[in-house]
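Next up is one chain by itself, shown in structure tokens, the form predicted on its own.
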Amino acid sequence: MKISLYSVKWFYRMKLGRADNELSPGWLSMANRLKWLKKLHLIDDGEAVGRELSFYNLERMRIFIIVILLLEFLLFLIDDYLVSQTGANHGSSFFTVFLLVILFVVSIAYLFVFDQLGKLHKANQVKNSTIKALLVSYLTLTMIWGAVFTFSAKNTGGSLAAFLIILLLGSLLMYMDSRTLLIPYLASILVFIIGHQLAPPPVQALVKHYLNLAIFLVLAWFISRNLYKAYTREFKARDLIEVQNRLLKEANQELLQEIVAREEAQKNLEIANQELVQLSLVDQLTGIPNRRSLELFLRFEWHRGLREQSSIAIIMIDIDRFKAYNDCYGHVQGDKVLARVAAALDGSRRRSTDFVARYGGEEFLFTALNIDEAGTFTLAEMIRKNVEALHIQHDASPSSPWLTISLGALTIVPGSVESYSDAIHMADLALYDAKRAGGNQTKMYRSPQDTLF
């Protein structure tokens, strides 16, 4: 079940009736968090714990089998030695050997079964109930074997120790709930009691056996109960940490996705802004800067020219008889001609500081920095010849078979007039004089008193 961190917080808030800002950084205590995470089905109390316990008990059961084999064999040797030294009646040695053989065969069989179960468990091909049943069955058989071995070995204290140690080891090594452990406990104790009734030892020894058995049973039950509870608490705590880590990872992923989305939105916004700036500063028909861009450029260069007292050349350009061209060839062809003329003007720039823009209609404005009047005139003539060299046919022109332009130019140092608008007006006056003179020529602005040439 996939659920977001925000959904968990919302669930807590709804259940507890608390506002979002009232939730502490830790949200809830460990017990409450476990309770609500169980309700969200993020923590499974039954199957998950059972599967973990089955795997853990299988690993420890292998060790338990080996320890039981070695321990019982060692105790039998000690018990047999003590009996031989005291000369007490040992009973049937054949029967005790037979018990050892049975335990050995059963343990080897279970060891093989548990090894196979471990492989199946890792592949998730066996039920936890099956593993649990086999574990309980071996523990029960081992404890019953200990009970039988106790009363068959002449009822000595050493033989009783084997049974008690098996009880204690079963409680220590196997993590099982108290109800499950009742099966091997009750079965082995019943066999122990029945065996002692069939071959009763002296009353004093019997009381001693029952007293030791009672003490060890209480001790084993207490140890087993506490180990099982401690393990389940530890497992739930690990599960809770795993869930919280998963929720935190999901929250981090959501946050990362949000950051990426915001960065993408910011990037798109910057691109949109750049496109907007592009649209606002570039003439869409010709692809060169528009009048607004020209004004920004001139304002900046005019202030710099005021500081440095450097010159600015302003060349006003107009296509000759463009209205007649449109009437003759149509406005679509006229738009294409405007684009071609703009490209020729843009290609006439000699330096990066040269600037050309569409001023309006069929008018363009070309500026150059740090240039004298002679250089301005030479530049204007080069521009005029570049446009004429395009050889754009103009049948409606009485003066030339090709499309031509007229230019009005001046070179000025900022400060001699109030603003760049005045300088543009002067260039426009020179352009008007060029148009009046027949077009396809350049006129330099001098002053109202001087003759334009």
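In case it trips you up, residue 1 is the first one in the sequence shown, and so on. No experiment lies behind these values; they were computed from the predicted model shown.
What comes next is about the form predicted together with a small molecule, which is not displayed.
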Selected contact from Arg238, Arg179, Lys122, His331, since only one has a non-hydrogen atom within 4.5 angstroms of the small molecule in the model of the complex: His331
Position in contact with the small molecule when the complex is considered in the model of the complex, options Tyr185, Tyr110, Phe322, Phe192, heavy atoms within 4.5 Å: Phe322
Partner proximity in the model of the complex: Leu338 to the small molecule, non-hydrogen atom cutoff 4.5 Å: yes
Residue contact check: Asn326 to the small molecule in the model of the complex, 4.5 Å heavy atom: yes
Heavy atom of Gly361 within 4.5 Å of the small molecule in the model of the complex: yes
Any non-hydrogen atom of Ala343 within 4.5 angstroms of the small molecule in the model of the complex: no
Candidate site Leu285, Asp318 and Lys435: all three near the small molecule in the model of the complex by heavy atom within 4.5 Å: yes
Candidate stretches 266-274, 361-369, 141-149, 293-301 - the one whose heavy atoms come within 4.5 Å of the small molecule in the model of the complex: 361-369
